[in-house]
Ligand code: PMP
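A single chain comes next, written as structure tokens; it is the form predicted on its own.
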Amino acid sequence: MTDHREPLSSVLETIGETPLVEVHDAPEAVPVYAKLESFNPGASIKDRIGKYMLERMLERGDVGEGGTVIEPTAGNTGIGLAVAAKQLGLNAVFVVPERFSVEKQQIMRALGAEVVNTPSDDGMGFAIERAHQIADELDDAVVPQQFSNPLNAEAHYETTAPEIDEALDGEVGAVVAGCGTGGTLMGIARYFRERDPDTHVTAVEPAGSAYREFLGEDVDHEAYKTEGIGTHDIDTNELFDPDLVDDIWAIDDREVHAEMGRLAAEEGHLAASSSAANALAAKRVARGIRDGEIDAPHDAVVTVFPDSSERYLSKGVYRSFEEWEG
């Protein structure tokens, strides 16, 4: 974490430089490190793209000061954009499917944003359509569109990846991350593949999600409880480049639920479901490197813990698996 020894002029200056912490339940010979993104002011990794995307869009003239940012989002991106929008003189409107975290929606409103809910059954595709409809009705409004905007992945190429690189002296053997938009994994993967083409890259999704269709696999589309990653329509995930990925692993909700509990009880990580899925996949990659099943240029695996479980307590993440609401 950044050692801020002097007063800062804005909360935006606290975004990034999050801790990189070893995950204890991993092979000793191949350590796993997780970037703890809940240390950002909006408590998630999406603060990075909120700041980066809006600053670049203002610089390019995509929107002017006093204009409106409208985004379809499950929550964390809305929070990240809302934190940045007010500091940069922008208004914010977010289109959120009803089923997503109540806590996230309350926080977006507290940050001064307007939240428009859409039916859960209509999915994120409809939320995207609604966001563009609202933008068309306003003057000086823009939809950053995290699912297709290259600035999403660029934010992680320019900030998250270099921080990991510096912390590990460039000795990164594998990159593992869950994919919602795919921006986090794409930005980090591209950065490390440019430095070593043999860097192993694994995408993570919930069982029932459709990302494996990018690799030509048949997938049974099913509901899942793991939140913030996965897709039921790969046509909306324009940032994902399968050529940058060695594997796409689907992690079962029941395993994720158990890992959330283990991370809290054994390692003190109040990590949410996408973090638990990342941890499980990263440890599996580490075991593969240790056992010679996966080739990697270095004996270290990196992943991200995108946000905190505190944002999902109303969904029962620490109650029984049956009580956990997806």
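Quantities reported herein were computed from a predicted structural model and do not represent experimental measurements. A residue's number is simply how far along the shown sequence it sits, counting from 1. The term rigid core refers to the maximal set of C-alpha atoms that superpose within 1.5 Å between the two forms.
What comes next is about the form predicted together with this ligand, which does not appear here.
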Could you tell me which of 132-140, 217-225, 178-186, 117-125 sits within 4.5 Å of this ligand in the model of the complex, going by non-hydrogen atoms?
178-186
Spell it out for me: taking this ligand in the model of the complex, does every residue among Lys46, Ile229 and Ser274 have a heavy atom no farther than 4.5 Å from it?
yes
Heavy atom within 4.5 Å of this ligand in the model of the complex: which residues of 72-91 meet that condition, in order?
Asn76
Relative to the superposed rigid core, does the CA atom of Met124 travel 2 Å or more between the shown form and the other one?
yes
